[in-house]
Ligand code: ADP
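Given as structure tokens, the chain that follows is alone and in the form predicted alone.
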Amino acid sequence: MKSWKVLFLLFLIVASVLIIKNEPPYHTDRGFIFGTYYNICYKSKNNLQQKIDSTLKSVDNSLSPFNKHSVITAINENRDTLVNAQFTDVFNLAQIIAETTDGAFDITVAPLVNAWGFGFKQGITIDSITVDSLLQYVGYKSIRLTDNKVTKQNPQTMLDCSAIAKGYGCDCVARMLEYYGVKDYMVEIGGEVVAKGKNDKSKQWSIGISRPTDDKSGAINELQEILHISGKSVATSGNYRNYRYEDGRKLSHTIDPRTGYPVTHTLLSATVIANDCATADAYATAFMVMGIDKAVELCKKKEIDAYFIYSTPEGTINTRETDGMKKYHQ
């Protein structure tokens, strides 16, 4: 009887070793896309870096206004262009979120972003007259997508999908990984994240929310909070990395499409959790335009999970979150 138990124990040990030995490894692939870096960790028998780069290049060819040969560049230059499926996906989602946020999110904001020096064209000397003149070219209701073509009410209207493209790129890579049978992965592009399954320690993925610090270089990266997620997407938008000074004023890169001016409220960053990263990315940007009170109100209305960091009148940093966020950092 004892010998049988010993043999059975040895069998279990050998079987466990074989199972562990046959487990696919975790790969970590890194690169540069959309003007930022990506980090992708996934469990697979094969390294999929080439597929990842190909997927991201496809998104860049659709949505990057810095890419002279992209679909969005052709539209901005008023060339007769048929859009592809990726552009269609992003355009339709952007229009839905624009409507939901009363225009706080608007991909036609490009002329204003460019004028203020934060876009894909060189900035100009800007004043109230210039802002008023550019506002006539901005407005999500002035563009349509019909029969795979974008039509504009004004040819000087230009599109900028920068506030949704990184999130959408994460979604595209995630779909590609799943197509190749990957069930455990974390896709991060410039701070936007899609995570599913488990990490290499068989736990949920840990995603940090940065503490707002005026630092254009990104070298300072203290964490305000750590989230633990799986099967969700996370996106953060903030005004503490991308800014410039003009006549002694600090100008945020977040431009309100409705007023034409950089936002000036106390909200420093907005982190949104959603089922897809494009949605999270767009809402995070919209919340930075709306400010904390209106953002919280919309979260309650649309049942969106979000985490906000804001400055108080005393100059300290405080946080506020929706009730649904608690389960991600307990």
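Numbers follow the displayed sequence, beginning with 1. None of these values were measured; they are calculated from a predicted model.
Form predicted together with this ligand: not shown, discussed below.
Of the candidate stretches 199-207, 108-116, 129-137, 85-93, only 108-116 has residues whose heavy atoms lie within 4.5 Å of this ligand in the predicted bound form.
Residue contact check for S62: none of its heavy atoms lie within 4.5 Å of this ligand in the predicted bound form. Within 4.5 Å of any heavy atom of this ligand in the predicted bound form lies no heavy atom of V71.
H253 belongs to the set of residues with a heavy atom inside 4.5 Å of this ligand in the predicted bound form. Not displayed here, this ligand is kept clear of T271 by more than 4.5 Å at the level of heavy atoms in the predicted bound form. Listed residues A163, M158, V187, L177 were compared with this ligand in the predicted bound form; A163 is the one with a heavy atom within 4.5 Å.
The listed set A104, I75, C172, V193 contains one residue whose heavy atoms approach this ligand in the predicted bound form to within 4.5 Å, identified as A104. Contacts between stretch 268-302 and this ligand, counted in the predicted bound form as any heavy atom lying within 4.5 Å, involve D281, T285, V289, listed in sequence order.
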